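What follows is one chain in structure tokens, specifically the form predicted alone.
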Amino acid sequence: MKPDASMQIRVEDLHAFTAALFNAAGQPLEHGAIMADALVGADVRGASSHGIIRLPQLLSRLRDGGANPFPQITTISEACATALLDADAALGPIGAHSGMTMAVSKAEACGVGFVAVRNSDFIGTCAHSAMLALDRGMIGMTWTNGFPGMAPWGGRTNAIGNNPIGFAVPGGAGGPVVLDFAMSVTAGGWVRHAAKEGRPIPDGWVIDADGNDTNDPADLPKGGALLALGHKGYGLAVIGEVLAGVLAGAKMLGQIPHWFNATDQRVGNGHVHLAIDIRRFIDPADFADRMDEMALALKKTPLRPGVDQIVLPGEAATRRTAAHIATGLRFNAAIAADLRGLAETYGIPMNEMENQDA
């Protein structure tokens, strides 16, 4: 095994290793499993900007006191279809799991559930919690605010989060429709990937601290900002701030510290979760048939030159998931080195994983 080697890891091994790291950092078993689900699930689906690359910083948040390893998540207010939770500084996927689980329970009772969570943390992919609704045959949505790393439309410095949103919809034969995107041109994690790999970033992703276009990923942590996905992306980011920040009573805009760097500070951001019980509107079998009908109609659209097929949101991720489960996940040398360092720091054996090195 070369010290600078990349690493190929079976999904189940990576999940067990990740959960063990969080448990060694002080989290209870069930929370370690949720964190592993969120991070490994992101890599498996191809959203590696929010996958294992985030491990060092999330573990540092537990170590340095920015996040609470034993949160007592409480209900502040509750009605038939709504609730407001305090996440007690839990790591974001823990708070999001609680929020969506309650939203699903409320949808079972009332047809729809809408749960806001405050005093939380960076949640990673919104798809992870939105997809929890699929297990009950429901439509799920998660929307979060976060550290203001994006410039408002026309601005030259960061002032608002890229406030991502995720939807998960049960599908028919083609599988679920899952849409998860930030309101910036790209997620900050992809900029971090470029920095890790020592390559430039495309035009239009980031501006530097002076508001100038840049291709250097290092300019983002030096006071640069992500660019919004046009005026529409910025507008959606504002609505996300309203729901996850203003409505939830969470921190908003510049009140939110940089979870990535300020690992000793409580983030305190918010997120909202919506679950819709399809059975209150249509028979689930009919819904699945209609989803297939919609998908087929879209796929029959004449193609532009150079395009071989039309896919629905989440379809490519479903294919990547199947491929990664069969072959495992490959990490570059920089991320592999992070994993080896964490294994040593927390005393988690990874011999079997090392045997899969390239």
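Treat the numbers as computed from the prediction; the structure is a model and nothing was measured. Only the largest set of C-alpha atoms that superpose within 1.5 Å between the two forms is called the rigid core. For every residue, the number given is its place in the sequence shown, counted from 1.
The protein also exists as the form predicted in complex with another copy of the chain; that form is not presented, and the subsequent description refers to it.
Undergrad: If we define contact as a non-hydrogen atom of the residue within 4.5 angstroms of the partner, is R320 a contact of another copy of the chain in the predicted bound form?
TA: Contact check for R320: no, nothing within 4.5 Å of another copy of the chain in the predicted bound form.
Undergrad: Would you classify D210 as touching another copy of the chain in the predicted bound form, given a 4.5 Å non-hydrogen atom cut-off?
TA: Yes - in the predicted bound form, heavy atoms of D210 and another copy of the chain come within 4.5 Å of each other.
Undergrad: Is L91 near another copy of the chain? Define near as a heavy atom within 4.5 Å, in the predicted bound form.
TA: No, L91 sits far enough from another copy of the chain in the predicted bound form that none of its heavy atoms falls within 4.5 Å.
Undergrad: G189: heavy atom within 4.5 Å of another copy of the chain in the predicted bound form?
TA: Judged by the heavy-atom cut-off of 4.5 Å, G189 is well away from another copy of the chain in the predicted bound form.
Undergrad: Have a look at 259-267, 104-112, 125-133, 194-202 and name the one stretch with heavy atoms inside 4.5 Å of another copy of the chain in the predicted bound form.
TA: Flagged stretch: 104-112.
Undergrad: Residue by residue through 87-106, which ones have a non-hydrogen atom no more than 4.5 angstroms from another copy of the chain in the predicted bound form?
TA: Nothing in the stretch sits within 4.5 Å of the partner.
Undergrad: After superposition on the rigid core, does the Cα atom of I207 shift by at least 2 Å between the shown form and the other one?
TA: After core superposition, the C-alpha of I207 moves 2 Å or more between the shown form and the other one.
Undergrad: Once the core is aligned, please say if the CA of G188 is shifted by at least 2 angstroms between the shown form and the other one.
TA: Yes, shifts by 2 Å or more.
Undergrad: Using a rigid core superposition, assess whether G172 undergoes a CA shift of 2 Å or more between the shown form and the other one.
TA: Moves: no, less than 2 Å.
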